[in-house]
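Two forms of the same protein chain are encoded below as structure tokens; each is given separately, as structure 1 and structure 2.
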Structure 1
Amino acid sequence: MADRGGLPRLLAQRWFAPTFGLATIVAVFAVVEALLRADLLNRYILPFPSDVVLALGRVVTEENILSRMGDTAFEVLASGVLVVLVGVPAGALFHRFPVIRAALETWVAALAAAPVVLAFPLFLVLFGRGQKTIIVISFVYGVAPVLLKTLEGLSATRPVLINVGRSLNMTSSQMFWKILFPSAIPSIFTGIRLSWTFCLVTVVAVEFLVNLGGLGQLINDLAERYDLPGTYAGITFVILLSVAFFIVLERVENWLQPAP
């Protein structure tokens, strides 16, 4: 009887499900390791997961990881800051002039959905083969979500707040800075999170494609050396790093949401 009571209680524990999920990943790796050792999988295309874990240390210590992370972080930050500096004022402009919004909102939405990164050869020719190119592509990719979410947040300001402003006879600039903008901040940050996610992905992808600087190039290098465990370790490292970046962004976003 104790057993029957134990399992459902365990399943209901808050920590159990996520741990179980992670444990599945570990289990899959263990199975792959076993199959490789039993020669049922091809060792020339799949390294031993244990070797990958060992290679992770080597990749981190021997591949200039800090300067690579610095390059990538600089590109993401530069484009991320540009995105905010352009996207938020542009969103405010769209909000201030309904005719601009009615005319161009769908165009911006189309830009957000367009596969801009495919044009990277074009940007290479226009801006040269350097960090500037990566920042520009990442900016073009990321600017639309911030603009649209700023617009959405400003438009969704509760009428009661606007009426408070009116009853205080606020000027339109006071209205913007004291009422509209603060009330739009959570939505703006949602846009920033989406954009910065795009920026990171774009930066790493272009680095990988044109073999330039940063973390994307790391994977290219390792793959071209046919360093099998190293390639897998590099990919794992970059994925873990980007997941950490997304988690931080999400935390900040949640922290900025108004209390329910």
Structure 2
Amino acid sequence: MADRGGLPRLLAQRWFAPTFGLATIVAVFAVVEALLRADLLNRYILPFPSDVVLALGRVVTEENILSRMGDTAFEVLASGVLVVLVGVPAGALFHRFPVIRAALETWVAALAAAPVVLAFPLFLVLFGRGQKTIIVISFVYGVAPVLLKTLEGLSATRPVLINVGRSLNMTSSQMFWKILFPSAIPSIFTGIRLSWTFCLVTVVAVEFLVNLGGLGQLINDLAERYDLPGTYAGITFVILLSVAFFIVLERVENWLQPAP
């Protein structure tokens, strides 16, 4: 008799998801390679994936990639930490005082959709041509998702939990730290992941535009040399940096809210 639980157990294996994801990426690369060699895709826009893989080593050895990744990672981390330190308390403030929420929530949502990166000349005048400008622009771009998702998570706390807290005569501080905040952690971390994605995109974009250090400058340099495999290899390192940040955030979320 067939084991009907075999497939669910296979899917539940911790190694299955990353292995399947890696296999999917390899399959997509193989399809793109085949389409390029068949002249069905423009090889002057898309390089051969095999050339990009070979360019990864060249970028590491010739372009000081680790130092550039360190610069970009520092800028993302600095702006991301500022986003959390400002966005989470601000979201809690909006939840605590409905008047502030009614007055400012729409403006914060509008900020999330605003093309702030286009104002980088103004930030250059205010903060100079350096890392401070990149961090400030990224912070402005990333703070809205954290604030709004914090507000959403706190507002979505189940009434039964709040009633339990009131029945135990909890203070406002106890109600927040023992009921509201733990309940809102998944929503808060959704906002943090979104905001850190915005921060990474903004950091690389400003580095590209201002030609100031980091992976963005490297991608700009390689594109100006018309080194397509190297350019896509630089983009690959941006993706790897994003994956690393996501893994760290997932670990922190699991630490703050262990699975039952």
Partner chain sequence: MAAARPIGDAPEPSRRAVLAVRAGVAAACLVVWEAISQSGLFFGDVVPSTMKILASFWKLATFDGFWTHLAVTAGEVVASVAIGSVAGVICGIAIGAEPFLRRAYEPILHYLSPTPRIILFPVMIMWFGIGPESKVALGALSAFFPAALSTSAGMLLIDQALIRVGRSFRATRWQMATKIYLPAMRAPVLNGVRLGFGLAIIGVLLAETKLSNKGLGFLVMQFYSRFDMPTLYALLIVLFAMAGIFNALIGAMARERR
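All residue numbers here follow the sequence of structure 1, with the first residue given the number 1. In this text, rigid core is short for the largest set of C-alphas that superpose within 1.5 Å between two forms. As the structure is a computational prediction, the values presented were derived from the model and not from experiment.
- Of the two forms shown, structure 2 is the one predicted on its own, while structure 1 is not.
- Taking 2 Å as the criterion, residue 47 counts as shifted between structure 1 and structure 2: its C-alpha moves by at least this amount when the rigid core is aligned.
- In the core-superposed comparison between structure 1 and structure 2, residue 212 has its Cα shifted by less than 2 Å.
- Superposing the rigid core and comparing between structure 1 and structure 2 gives a CA shift of 4.3 Å at residue 236.
- The rigid core superposition between structure 1 and structure 2 gives a CA shift for residue 27 of 8.3 Å.
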